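In structure tokens, one chain follows: the form predicted on its own.
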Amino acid sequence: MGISEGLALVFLNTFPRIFLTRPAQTIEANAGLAWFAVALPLITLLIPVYMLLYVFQRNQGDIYAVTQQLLGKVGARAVSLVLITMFVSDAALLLRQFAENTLLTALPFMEFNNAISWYTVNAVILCYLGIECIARTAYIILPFGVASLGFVMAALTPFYDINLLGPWQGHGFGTAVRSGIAVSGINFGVLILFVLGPVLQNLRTIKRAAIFGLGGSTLLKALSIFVFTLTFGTKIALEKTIPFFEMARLVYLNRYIQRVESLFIMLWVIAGIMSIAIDIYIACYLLTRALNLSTPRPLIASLALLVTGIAMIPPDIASVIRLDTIVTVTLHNAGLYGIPLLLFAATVFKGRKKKSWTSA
């Protein structure tokens, strides 16, 4: 795989929450500076990326092999367990939220079990086709998805009201900085590039895919929230549980085509399934490496069933949204910043130890 496939994997794994309730939560926490709180993590996310690039310059292989070289087999399995937990929890949270929102917006009479099963089956099929198939499909779909989002935002131009952006400082820059960094864990999908490692050819490919994937995803999310605030204002935003769907509903083309939200729902369903499939595949891949198996294929169905079971545990969507925030702030942040820091420290320590032995 090359830069395009890596970029698409990162983009599709870090972007889908823009279709869920996350933008409304961000606007509630930051008011007029919500777009800034979303854009800010792009700077902090480059720190773990560059730490891992430094580590991978001095150690060969995927993240399991590199961790094994630095921390031994036990350390590699412990780091893999943390990463597996992160990807499984993300898949379960996304699965539940996308299934619930599909029932809420498009299929209100469908059974919940059928909706969540439909997402799971499609994600499993993608996983069996392999990560290269997922990445290349994502790369083909990505331009159409971005163009569709751009079209929705452009079509809302007549509704823009610059007065709705005020007060410009929101709840304060300090609040926006704290809020943005606290939930930056939703972008932990950038670690996929280091999990797959050699599949992406070389470090130059990984670096460019990480920067362009994260940059494109973060800036489009910030732009979407900015346009939503410009269209609805911060007070009305608090009443909309799925802000981007409300933006799509506002678009009226003409008397023949009329509205475009049905096409928009197809876009979010595709993005949701692909993001869930990427999470499940990466968790299976790490499990395969930790257990020294030859292929992840036998694990896919079992892990998907586990993800579905976890997704169905919370009693309602409000509990899922609260849980999503808690998991992002704790587990995903810890993994995103803690694992690169640990590997970076081990690489520096190992380098100094080698140097001292050589000097002696």
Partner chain sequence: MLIMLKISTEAKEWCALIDNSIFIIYRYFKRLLLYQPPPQAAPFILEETPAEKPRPEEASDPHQEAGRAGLKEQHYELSSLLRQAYRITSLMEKAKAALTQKPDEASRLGLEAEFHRLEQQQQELTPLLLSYDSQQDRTSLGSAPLRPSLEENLHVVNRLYELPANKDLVVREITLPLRPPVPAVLLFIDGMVDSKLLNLAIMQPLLMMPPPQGIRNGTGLISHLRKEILPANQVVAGKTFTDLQDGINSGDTVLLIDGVDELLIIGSKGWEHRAVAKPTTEQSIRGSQMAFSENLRVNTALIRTMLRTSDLVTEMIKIGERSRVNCAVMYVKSIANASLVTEVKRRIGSIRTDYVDDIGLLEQFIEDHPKLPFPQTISTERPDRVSVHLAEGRVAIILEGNPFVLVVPVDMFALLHSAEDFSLKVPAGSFMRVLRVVGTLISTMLPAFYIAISYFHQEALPTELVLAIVGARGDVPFPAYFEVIVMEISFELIREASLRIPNILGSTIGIVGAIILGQAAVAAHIVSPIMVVIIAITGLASFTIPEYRFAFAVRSVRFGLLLLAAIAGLVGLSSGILLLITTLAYMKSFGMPYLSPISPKSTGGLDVFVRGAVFRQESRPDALNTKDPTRQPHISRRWTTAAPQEGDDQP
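Numbering follows the first chain given and starts at 1. Nothing here was measured: the structure is a model prediction, and the numbers come from that model.
Form predicted in complex with its partner chain: not shown, discussed below.
- This chain is displayed alone, yet in the model of the complex one of Thr175, Asn122, Thr231, Thr85 has a heavy atom within 4.5 Å of its partner chain; that residue is Asn122.
- Checking Met247, Leu126, Ile282, Ile206 for any heavy atom within 4.5 Å of its partner chain in the model of the complex turns up a single hit: Leu126.
- The candidate spot formed by Val190, Tyr337 and Lys350 lies out of contact with its partner chain in the model of the complex, as no residue has a heavy atom within 4.5 Å of it.
- Although the partner is absent from this view, Ile265 contacts its partner chain in the model of the complex, with a non-hydrogen atom inside 4.5 angstroms.
- At a distance threshold of 4.5 angstroms between non-hydrogen atoms, Val269 is in contact with its partner chain in the model of the complex.
- At a distance threshold of 4.5 angstroms between non-hydrogen atoms, Trp168 is out of contact with its partner chain in the model of the complex.
- Taking the partner from the other structure, its partner chain in the model of the complex has no heavy atom within 4.5 Å of any heavy atom of Val195.
- Looking at 212 to 220, 153 to 161, 68 to 76, 99 to 107, the stretch with residues near its partner chain in the model of the complex, meaning non-hydrogen atoms within 4.5 angstroms, turns out to be 99 to 107.
- For the partner-free chain shown, Ser4, Glu5 of 1 to 19 come within 4.5 angstroms of its partner chain in the model of the complex, judged by any non-hydrogen atom.
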